[in-house]
Structures are given as structure tokens and as C-alpha cells.
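So this first bit is one chain, no partners, the form predicted on its own, shown in C-alpha cells.
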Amino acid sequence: MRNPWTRTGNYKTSYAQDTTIFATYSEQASLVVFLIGMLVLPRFLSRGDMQILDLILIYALAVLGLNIITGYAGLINIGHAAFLGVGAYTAALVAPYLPFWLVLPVAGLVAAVAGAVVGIPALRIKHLYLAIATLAFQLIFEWAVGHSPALEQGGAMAMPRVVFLGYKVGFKNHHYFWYYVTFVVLVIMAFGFRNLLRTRFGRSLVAVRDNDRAADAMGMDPGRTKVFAFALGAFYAGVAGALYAYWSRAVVIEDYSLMISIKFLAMAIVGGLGTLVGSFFGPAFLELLDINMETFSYWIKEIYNPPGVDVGSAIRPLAFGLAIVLFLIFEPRGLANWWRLLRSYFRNWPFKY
């Protein structure tokens, strides 16, 4: 007999039951508890902690978009930060004239158009050649912004203060306000990400990733699917870029450079490519690692700092690269696999198998 609170067997009798998001009531209850916990979490954190948490949520939204392109569709993207930049600069241009809740989708749509244009080469090329095409977009973006007087040639473009329900967001509540805005946007778009595989388009993404010729033989359009993947992934990145612009109070080209694109790829790999929870674990792990390595580097400088050699400054990039290499060697499925094993253990407990 089926227990609606725990998985006591496979009682699925239809395709809808097989593709349901929540298999048991306990999964729904745990999600509700988690969301409530996230809503009350700011009451226990300082302003500095909120700054870190905001950044993790914004990066998680960007990694969700990268996971659609690279994780689901299998298309290597080395220019993801440029999509964020398109969204951020769009937000900087339209923010003085539109409310912030309208700026976010506008920035996402402009980035989606850029993503569709970048995805056009995917109609004819793939693998390393497509990666080079996305790298070219990243470099073209940086060059175009750096030579555009309308975009301050890559210099700082100030973002206006937000007025919400007649209340102007000031210095003290800045990070708290954008935490709730980012959290709501992230929950909505994460549900969209989770439901993507339940749609025909989502299944086409996976089919094209596994074998585009077989997908073509089954009646799918691999070229159009790849372009849609770039457009949808860029939409996520554009919204994240607009949120980052509001959060940082300015738009500068250094925040959307090639190094940031590589950082997003690392977050997706460490978290687990093509997984929802991995899109949260990856940014959280690497951001917290970076902060702790910064503190550790200060400690190293105090106890060992030979003249002419800055040992402390090498700690952060060393830890970043080492984490990527170790995950690729020992856990290529990322932290999401550890989460899967942990859930499986408690689901079967106290039984061993």
C-alpha cells in the first residue's frame, strides 16, 4: 500500500506520476520549511553576511542559466559573464525610466536576444569550435563596451536608488531588500528550471545533448533547440546581471570579464552539471572558499612573508584551481551527487540497502 509521506515502493501507474516534482508529502513539507527558513534567515545575519548571501543567490541564478546551456544542452559556453553584462548594462540604461520590477525582465529579454545571436553558430558547429565562438562573443562584448561612450567605455555607470511602495531603499536596508527580491526571483526561476525537463523542449535539450543525430532522426530540430538553449540560458543570466547591477550600485566591465565566465563554469562543475541543487551548491562552495582563503592568506602573510614574494596572494587562485581539479578527478558529478547520496541514506534508514 502506498504511503504518501515516504517512498515504500514504486506505485507509479502513469507518465504524469513518473514526472511529478514531489513524490511524497514529506518532500513538499521540507521545501516549505526551507523556504520559511530562508525568509527569516536575514534576522540572524549581519550586514556583511547579507552581502555574501546576496552574491551567492545572484550567482546561483546565473549558474542556473549556464546549466541550461551546458548542463542540459551540452553546449560549452565560455562567454556566460558577457550575458550578465548585457543584462547589467541594459539595466543601467533603462533603470532611470522604469521601475526595477520591470527592468529585470527587460534586461533578461535583451540578453536572450544576444544569446540567440550567439547560438546561431551552434547550427553548424559544436564542441571546441562552439566554445571558441562563445569566447569570441566574450571578447567582442568587452571590446564593444570598452569603446562605447554611451556605456562610459567600461567605466562605472551608477544605478539609481530603488523606490518600492513609496519607500526609498537606503544604505542600511540595501542588502536586505535585494536579498528578498533576489530570493523571490530565484524561487520563481528555479521552479521554471525544475519544470523544464517535464516539457517537450526540455526533453529535446537532453536528447540533443546525448546524440543530436538521433534526436534529428526522431523528428526534433537540433539547431533550433541549441539556439533556444542559448536564448533561455542568456535570459537567466540577463536577469542575474540586472540584479547584480542593482546590488553593486554600479556597472563596470571588470565584473563581466572572461575570468568571471570561467568562475561560472567552475561553479557549475563543482555543484554538478545539469542539476538544480548543484546550481546553489557550486556558488556557495566557491564563494565561501574564496572568503576563507582570503582570511587564510592574511594569516600566511603575518607568519611567513619573504621579501619580494607575495605568498598570501597565491593562496586564493591556488585553492580555486585545486578545487576544480579535485572535483574533476574524484567527483565529476559535483556536490549534487553528495546531496543525492545523503538523501538516499536517510530515505532507506535504518535499512542498509
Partner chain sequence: MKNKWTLWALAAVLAMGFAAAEKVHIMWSGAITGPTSDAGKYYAQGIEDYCSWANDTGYVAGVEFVCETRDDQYNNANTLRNFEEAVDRGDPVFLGYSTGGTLQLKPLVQEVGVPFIPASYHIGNIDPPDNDYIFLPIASYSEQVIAVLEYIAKVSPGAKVAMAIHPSPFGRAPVEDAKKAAQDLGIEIVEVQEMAKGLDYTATLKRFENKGVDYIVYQNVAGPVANMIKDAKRLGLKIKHAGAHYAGGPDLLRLAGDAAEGFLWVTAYYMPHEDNAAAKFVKELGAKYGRPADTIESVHYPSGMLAAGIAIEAIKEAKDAGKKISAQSVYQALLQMNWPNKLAVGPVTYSKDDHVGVDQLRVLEAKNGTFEPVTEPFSSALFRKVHYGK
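Residue numbers count along the first chain shown, from 1. This one's a predicted model, so the numbers in the text were calculated from it and none came from an experiment.
What comes next is about the form predicted in complex with the partner chain, which does not appear here.
If you check the partner chain in the model of the complex, you find no heavy atom from any of 194, 198 and 330 within 4.5 Å. Across the options 285-293, 31-39, 64-72, 321-329, residues that bring heavy atoms within 4.5 Å of the partner chain in the model of the complex belong to 285-293. Under a 4.5 angstroms non-hydrogen atom cutoff, the partner chain in the model of the complex lacks residue 210 among its neighbouring residues. In the model of the complex, the partner chain sits within 4.5 Å of a heavy atom of residue 298. In the model of the complex, none of the heavy atoms of residue 56 sits within 4.5 Å of a heavy atom of the partner chain.
By the criterion of a heavy atom within 4.5 Å, residue 51 is counted among the residues contacting the partner chain in the model of the complex. Here is the short version: of 156, 214, 117, 132, the single residue with a heavy atom within 4.5 Å of the partner chain in the model of the complex is 156.
In summary, among the residues 223, 105, 146, 99, the only one with a non-hydrogen atom within 4.5 Å of the partner chain in the model of the complex is 146.
Residues of 249-275 placing a heavy atom within 4.5 Å of the partner chain in the model of the complex, in sequence order: 249, 250, 252, 254, 255, 263.
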